[in-house]
Every structure is written in structure tokens, then in C-alpha cells.
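Okay, so here's just one chain, in C-alpha cells, the form predicted alone.
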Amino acid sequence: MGAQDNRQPGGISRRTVLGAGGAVAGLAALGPSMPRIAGAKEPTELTMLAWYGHGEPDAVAEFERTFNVKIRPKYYVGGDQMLALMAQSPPGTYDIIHADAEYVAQLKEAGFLERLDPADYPFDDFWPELRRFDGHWFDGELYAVMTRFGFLGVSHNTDAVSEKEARSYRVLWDAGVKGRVGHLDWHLPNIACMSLYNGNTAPFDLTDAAWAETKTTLLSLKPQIRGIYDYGGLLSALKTGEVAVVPGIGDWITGVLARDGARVTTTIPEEGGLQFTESFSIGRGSRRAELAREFIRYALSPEGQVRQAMLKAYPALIPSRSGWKRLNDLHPDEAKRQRMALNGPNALDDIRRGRIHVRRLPVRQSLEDWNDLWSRYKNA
């Protein structure tokens, strides 16, 4: 137990990087600027650095066929490994970089990203709350484009923990789940959930007193714990019922299990939840930057957004209104399950009510402080 999750962006540190259908028509609708290279004899290779799943056929095959492109993905495990791979690679190694928002600033500061032209991307099609995501703009310039996002709260087996009970992190200390609480092995969301439970409205920006209280709260949970798992281990533990409740994860895990009929879901507690945000950028020095741009545009087309929402590796919410409409037209059950209803209550209501806090790096403490607390908790 305790191995780094093969999806979660595990914080830089570890002493800083461990030491450091109508798809073709839809593509045509993106605009006349899209290069038509279908007559090329050999596919053009486009390299991608990403979480697992983003270079798989369900995500990219239509784009590859249309543009006679072969996407070559390099998958990473955690934000620290992603930064290490970038630091070790010559400029131009990766045309497309897929990253969580909290790492985009560090990629930009390290000079790993090309500046993007906002006019190239359909921000007018984004829901208003998502059009200008702070973590992707720096001094008025754009370096990353959101393609999907999701919420993190309390994930639970619905036979063991009801949605009503999961509406507060308090359920984690309930006698009925003693020995059946699990964790994904990553400090940022787990500690932030304890911070939210303590009433901190800015869960990553903690005074010394709030930080001390958060430490105490986290350590008090240890007697309830069944285990601390990597991604695969947590999937198995939730599926079999070994664990009944897990803080700090979301539909990106429970949705995978729900597809197979598991009785699990994710509830956002009244104390608040977290938002993970994923984006694509163009790698500095890319020799295929124009084609990389078109890939990002494809990911934001209605067809591309449906593929992003239903990625086989793990599902997520999508930022475009036309993507929501196409998802409702083609896959109404999935749209309902992910709360992407066009009329009536939907997932965006949680953002509008202030219940969702964007996952960030710590503000007043160092990432080392958070990682050290997590290590102390695991070893307690």
C-alpha cells in the first residue's frame, strides 16, 4: 500500500521530483483553417505527454484517421514525474502536454509551454464559469486550455453509506465505518478535505493555527482506516466492499466502477468539495505546433468533448455547452449520471453555490510540509 496512484497528480516534492459518428463532419465544422493532410503517404507523428488514456483509440482514433496522424503518447504517473520528464527532454520532444491545472504554472515558469492564441479556441462555447480559468492565464496570456474537469468529495458504497450520511465529512469518524475508510495515496486532496471539514473556506491557504488544527483532524482519523491504496488497489477495495467510504476522490474513480454495475457514487459534502481541472498545452519547441493546435480544437469540438467525457480510462465533466448538448443527444444516461443536464439542476450548480474549491498547491505551507504530514499519517 502507499504506492503513488497511476492517475493522481502527486505533488512536486518527494524532495522535488523524487529528487526533482458524425465525427468527421464535426471536425469539418471546426473551421477551414484545419489542415487537410489525408493524402500524405505516411502518418505524421504527434507526440503527447499525458495521464493514461488520453492517447488511446477511444480518445484519438477519429482525429488520427481524419488527419493521417499517429499520436505517440508517453504516460506519466503523478505531476512530479511529469515535470521530471519535461526537465529531462530536449525542447520539442512533446507536441501536446496534458496536465492538471496546479502544475501548469510550473510548466510555464520552467519555459516548457508555448503561448497560445485565445482566438484559436472556442471559449465562447464554454459555460461562463469556465471561460477564463485563472490557472491557465498569466499576465493576460494563455498557456493551457481546459478540456475536462471533475469534483472530489466523499466516495462511498451506497449499501454501507447513504448519500445523506455522505453529505458531511463527519461520516468518516462514524462507528459504522470503523476499519472501512480508505484513502487514495495522495496528500493534496486528503488534507484539503480535512481542511474543509474544519471550516476553512480557502482549504489550501491555511494560517499556522488552521494548519495545526488540520494536522490534528487528519491524525485523529487514523483509527478508522482500512488502508491507503494506489489507483488499482482502491478500485478493487471499493468494488469488493473492503472499504465503504473514501474522501478526496470522485466520479473519475466511482464512475469507472459504476459502469460495471458497482453500487458506488460520489457525494459532495456540505462543507464543500474540490475541483480537478485538466488541460492541453503545446510543448515549447514543437515542430508540429499547428497540428497540436488542431488536436486541442478537436478535443473541444462537440464530438471531441463527448469522447473526453466518456474516456474509457476515467470519466469527467466537460466545459463546453455544445459538448453537453451532444452528450445528451447521444448518451442521455451518461449525461444524467454525470449531472450534465441542459435544463434543471446540474453539476455547475455546485460551482455557482460556492461549494467547489479548485484544487491548488499549498499557499502558506510548502508542498514538503503537506507531504511530510501525509507521510507521518501513513506511518502513524
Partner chain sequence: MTKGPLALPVRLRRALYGALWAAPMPAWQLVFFAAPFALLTALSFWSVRNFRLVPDVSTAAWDWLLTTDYVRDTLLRTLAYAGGAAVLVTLLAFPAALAIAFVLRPRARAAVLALLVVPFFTSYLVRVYSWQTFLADNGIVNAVLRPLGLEVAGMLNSPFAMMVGYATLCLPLVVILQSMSLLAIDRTLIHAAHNLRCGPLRTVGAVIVPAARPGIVVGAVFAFILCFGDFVTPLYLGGGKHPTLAILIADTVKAGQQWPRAAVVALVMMAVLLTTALAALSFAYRRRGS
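Positions refer to the first chain, counted from 1. Not measured: the values here are computed from a predicted model.
Not pictured, yet referred to below: the form predicted together with its partner chain.
Open item on the list: Going by heavy atom distances of 4.5 angstroms or less, which of 278, 165, 271, 185 would be at the interface with its partner chain in the predicted bound form?
Closed with: Of the candidates 278, 165, 271, 185, 185 is the one lying within 4.5 Å of its partner chain in the predicted bound form.
Task: Contact residue in the predicted bound form, from 80, 294, 303, 251 (heavy atom within 4.5 Å of its partner chain) - done: Partner contact (heavy atom, 4.5 Å) among the options: 80.
Open item on the list: I'd like to know whether residue 120 contacts its partner chain in the predicted bound form, with contact meaning heavy atoms within 4.5 angstroms.
Closed with: Heavy-atom contact with its partner chain at 4.5 Å: absent for residue 120.
- [ ] Please check if residue 290 has a heavy atom lying within 4.5 Å of any heavy atom of its partner chain in the predicted bound form.
- [x] Outside the cut-off, so no.
TODO: Answer with yes or no whether residue 207 is in contact with its partner chain in the predicted bound form, where contact means some heavy atom within 4.5 Å.
DONE: No.
Open item on the list: Even though the partner isn't displayed, in the predicted bound form is residue 110 close enough to its partner chain, meaning a heavy atom within 4.5 Å?
Closed with: Contact with its partner chain, yes.
TODO: Work out which of the listed stretches, 253 to 261, 236 to 244, 278 to 286, 124 to 132, brings a heavy atom within 4.5 angstroms of its partner chain in the predicted bound form.
DONE: Among the candidates, contact is made by 236 to 244.
Open item on the list: Where, within 348 to 380, is there a heavy atom within 4.5 Å of its partner chain in the predicted bound form? Residue list please.
Closed with: Residues within 4.5 Å: 361, 367, 368, 371, 372, 375, 376, 378, 379.
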